[in-house]
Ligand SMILES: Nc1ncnc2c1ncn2[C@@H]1O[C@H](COP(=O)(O)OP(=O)(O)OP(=O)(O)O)[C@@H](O)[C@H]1O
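A lone chain, given as structure tokens: the form predicted alone.
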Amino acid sequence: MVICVTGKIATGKSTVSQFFAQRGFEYINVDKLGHIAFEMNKENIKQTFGTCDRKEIAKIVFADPQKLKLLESIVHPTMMRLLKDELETRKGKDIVIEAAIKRRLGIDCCDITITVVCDKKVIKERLKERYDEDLVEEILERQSDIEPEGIVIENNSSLEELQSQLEKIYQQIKAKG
């Protein structure tokens, strides 16, 4: 079984994914594949954007939708190749894939999709130590295509509440078998 966990930044995708990993699912983080794909395409990125510093690239692409599309055209094909390889090596096992931009990447190997959602103010609160508010707004704007699909989990409250929701979902998945 392949479960895909999707959602916007700071909604709790990693926590949800780790819940399943702790129950024996093999874990694939598409963000990590993106970092590898970035490194593999560093020269092309530097030629295209004048830098290959990830923080600088983030500022450039989150401020301009066309530049984001350009970066994606460079790294997404590599990410999908890496994902395909990861899936191939885990064939026949239960897998959880954490992929914020599942739909944008065209990931279609999921038996179940779980979308983690939360209020914008909760996202901003979770990110206030990491990013300034303007960057958070830009990131959320660029993630506007991340729409709820499959099983939707609202994660606005405590970790205990999230765990309780996940336990119910896990039991339903196990029962279906």
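Numbers for residues come from their place in the sequence shown, where the first is 1. All values derive from a computational prediction rather than experimental measurement.
Keep in mind that the form predicted together with the ligand is missing from the display, and what follows is about it.
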Does the ligand get within 4.5 angstroms of any non-hydrogen atom of Leu166 in the predicted bound form? no
Would you please decide whether Asp31 lies within 4.5 angstroms of the ligand in the predicted bound form, comparing each non-hydrogen atom pair? yes
Residue contact check: Arg126 to the ligand in the predicted bound form, 4.5 Å heavy atom: yes
Taking 4.5 angstroms as the cut-off for heavy atoms, does Lys120 touch the ligand in the predicted bound form? no
Stretch 1 to 35: residues contacting the ligand in the predicted bound form, 4.5 Å heavy atom cut-off: Lys8, Ile9, Ala10, Thr11, Gly12, Lys13, Ser14, Thr15, Asp31
